[in-house]
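First comes one chain, alone, set out as structure tokens in the form predicted on its own.
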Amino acid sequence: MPARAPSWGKLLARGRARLEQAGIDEADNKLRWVAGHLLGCGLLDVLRHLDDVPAPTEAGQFGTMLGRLERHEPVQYVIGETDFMGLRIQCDPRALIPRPETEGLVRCAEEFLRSRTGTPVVVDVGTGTGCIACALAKRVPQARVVATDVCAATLDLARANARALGVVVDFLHADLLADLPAASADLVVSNPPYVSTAECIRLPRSIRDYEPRGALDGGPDGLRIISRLVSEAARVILPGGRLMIEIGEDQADAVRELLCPKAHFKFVAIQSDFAGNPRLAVAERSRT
């Protein structure tokens, strides 16, 4: 009599042992993400299926995905999606994985856009998966959302996310704010590359070996792209409009110096993320 196929519980236990042996952090959580993806349920609901026996196809897919996790590939790439502000965002190595810290940028941008009259224009620079642009288009439907990226393949991914979410975003293949008219935006937001080149080498394997280097490496001091963005944003943002940039936790003082009257900005605030680290720089475009 053939042996009974292993249950989800046994597959998860075996998977956990393999991932722990490979030095993978948060093995249980990542395996539940995979199982939930295959079962079409949430992480907690996976527990209800521990005694169920997966179909051979599901078991095979689980084994393939487990192998990818074992090689330190991010679980978001393995399952091809992640959650961002309640939205299902497709993700793959064409773009940086959306992270919870960036949700603070969206909330701050949403609050500002709701304070504007008419049809405010917001530009998401270096849109990646399009998570910021899509979230703003969902949450502030009266706004016109423009998203730029220097990589055409990345823009294809962002467009796919906008279509899947049913939102309208104007995508532009451009380096930062090139081709945007002067004084045309109420708000510019960005999660730019801000990791120093030296620090990129020391990032965990799951980031260093899989996520796009161009979305991470901000040059020797991590400020190469941010400095350019501040200069270009001064041209594009309307007087009284705002610039919001996600930054590294050790960059608050340096970015505050960049957002100065000489650069046509008035510094507003540095906001912290959920861990208490400086994460978001906000400045207002000077009126003179």
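Everything numeric here is computed off the predicted structure, so don't read it as measured data. Don't overthink the numbering: it's just position in the shown sequence, from 1.
We do not show the form predicted together with a small molecule, though everything after this point is about it.
- Residues with any non-hydrogen atom within 4.5 angstroms of the small molecule in the predicted complex fall in just one of 129 to 137, 70 to 78, 199 to 207, 158 to 166: 129 to 137.
- In terms of contact with the small molecule in the predicted complex, the residue from A143, C108, A215, V146 that brings a heavy atom within 4.5 Å is A215.
- Out of the listed residues D175, D92, D83, D170, D175 is the one that sits within 4.5 Å of the small molecule in the predicted complex by at least one heavy atom.
- Although the partner is absent here, P192 sits close enough that one of its heavy atoms falls within 4.5 Å of the small molecule in the predicted complex.
- A183 falls outside the set of residues with a heavy atom inside 4.5 Å of the small molecule in the predicted complex.
- In the predicted complex, the small molecule lies farther than 4.5 Å from every heavy atom of R256.
- In the predicted complex, A153 stays away from the small molecule, with no heavy atom inside 4.5 Å.
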